[in-house]
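A single chain, nothing else alongside it, follows as structure tokens in the form predicted on its own.
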């Protein structure tokens, strides 16, 4: 294996607590309780070790990170460690006083999520009344603070018809960047796949609309676009490859190659409470399990795309085949590629299973 390069970004999942109940939440279906969360001091150590390891960017996420009473202290610890900090928030707990304290603590960027363009749709998907207006107010607070604002519009079967309006919201709320992110099917989203998975026609229309909006709003709004794999013929390089550019730390301190890695049953991950971040990144069995290309089975092994897509997504391979080492079914050469078409055919207007603590 070639020398292990340092990670560029750390996702700090500060908590699984959240006022919203989104049925596509990227958190695992078994949610951590507040009593099990890392302390402020433990997160500060994680940030120092991340900076020493070579990380440049820190994403403060959850759940809802502002549900932590120490979010300002955590943000200050990120600045002290020399990390560029991005708050990934639903915005519903943000107020002027908290925004001012976060700016003073050294926050660099805010990424605000929206569930739909219209109030009724947003409330139905997020499961919280009045959330849309709170988000609009949060966007205004970010804009007034002078921090850059990214809007994250998670799209799927039940809100793609409102994509033009979601783009309008990004413009109206003063976002500099919009991420149109199709749902990725792990955790809660996998449990709700039948209700969320778009048709190919919906995907094609969305792709065209994004391209048109990029052209129409060039210089004013940058639009990122994340597509689902279920209509693909080639897998994408998930997280830039397992253990290559990205790591995550869960609320309980587990160090993960991606935020969904806990969905791979039977895989053991190091914990920051009994391991350094460097040891987890460079020496742990979990991070080395699918690093590089040596682990790959045919047809991935020797494929011309092997060092471009890095075998695709291990979590998706496990979710669909039960084997994390299998060829990602998003690849047309995978013997399991037909599972994607079957899932698309089975999707429909199913009821949501909302995210909640059991």
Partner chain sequence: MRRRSTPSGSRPAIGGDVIPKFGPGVRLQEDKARARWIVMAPERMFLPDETALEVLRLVDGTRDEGAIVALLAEKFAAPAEEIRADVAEMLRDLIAKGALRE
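Positions refer to the first chain, counted from 1. Just so you know, these numbers come straight off a predicted model, no measurement behind them.
If you look for the form predicted together with the partner chain, you will not find it shown, but the lines that follow are about it.
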Problem - in the model of the complex, segment of 116 to 124, 90 to 98, 156 to 164, 172 to 180 with a heavy atom within 4.5 Å of the partner chain - result: 172 to 180
Exercise for the section: Could you check which residue among 303, 31, 44, 53 gets a heavy atom within 4.5 Å of the partner chain in the model of the complex? Expected result: 53
Problem - The unique member of 284, 111, 276, 202 whose heavy atoms fall within 4.5 Å of the partner chain in the model of the complex - result: 111
Problem - Any non-hydrogen atom of residue 57 within 4.5 angstroms of the partner chain in the model of the complex - result: yes
Practice task
Answer with yes or no whether residue 146 is in contact with the partner chain in the model of the complex, where contact means some heavy atom within 4.5 Å.
Solution key: yes
Practice task
Report whether the minimum heavy atom distance between residue 86 and the partner chain in the model of the complex is within 4.5 Å.
Solution key: yes
Exercise for the section: Considering only heavy atoms, tell me if residue 79 and the partner chain come within 4.5 Å of each other in the model of the complex. Expected result: yes
